[in-house]
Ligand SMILES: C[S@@+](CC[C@H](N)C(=O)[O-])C[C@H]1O[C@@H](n2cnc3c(N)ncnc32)[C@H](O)[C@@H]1O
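Here we start with a single chain on its own, the form predicted on its own, put down as structure tokens.
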């Protein structure tokens, strides 16, 4: 979560791919799901959003984020329940590779679809499902046992009115830009 390589990947790989796919958050209300220790907040806030909220389930990560970046807003929150956010209240939601950590990832997508404004954008970066199982087998990383996979994710996004406008496959990751109908 806090390694040099994770930060490097976000800064030089994931965020630039999001930007090539249309990420423009200048003057917009942003929600980051799975903000961890706040490095994504730092990167996203360089792009001048109107507002930014980062959420993470792990209290220790939110504590680190608040210490490192006290001028951004972070909350301890389960992504499967975004009821504290009004319907159609966010312009952009960003997920830097954490959706596969959420056992009930479909409920998270349901909540995202609810809080995104019409024509709002969702940017997701996720590893390929087969890679998750491979690394868990060899390194015992302990990802939750769920039905998460890129094909299931694509189907579910579309079933919730989140149209995939761009998809970029890399050897390790897949990046999606979805727009709410």
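Everything quoted here is computed from the prediction, not taken from an experiment. Positions refer to the first chain, counted from 1.
Just so it is clear, the following notes concern the form predicted together with the named molecule, a form of the same protein that is not shown.
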query	finding
Output flag, 36, 79 and 97 jointly within 4.5 Å of the named molecule in the predicted bound form, heavy atom basis	yes
Partner proximity in the predicted bound form: residue 43 to the named molecule, non-hydrogen atom cutoff 4.5 Å	no
Close approach of residue 92 to the named molecule in the predicted bound form, 4.5 Å, heavy atom	no
Contact flag, residue 101 vs the named molecule in the predicted bound form, heavy atom cut 4.5 Å	yes
Interface membership of residue 61, the named molecule in the predicted bound form, 4.5 Å heavy atom rule	yes
Of 55, 112, 30, 153, the one that lies within 4.5 Å of the named molecule in the predicted bound form (heavy atoms)	55
Candidate stretches 154-162, 21-29, 167-175, 5-13 - the one whose heavy atoms come within 4.5 Å of the named molecule in the predicted bound form	5-13
Neighbours of the named molecule in the predicted bound form among 155-181 [non-hydrogen atom within 4.5 angstroms]	none
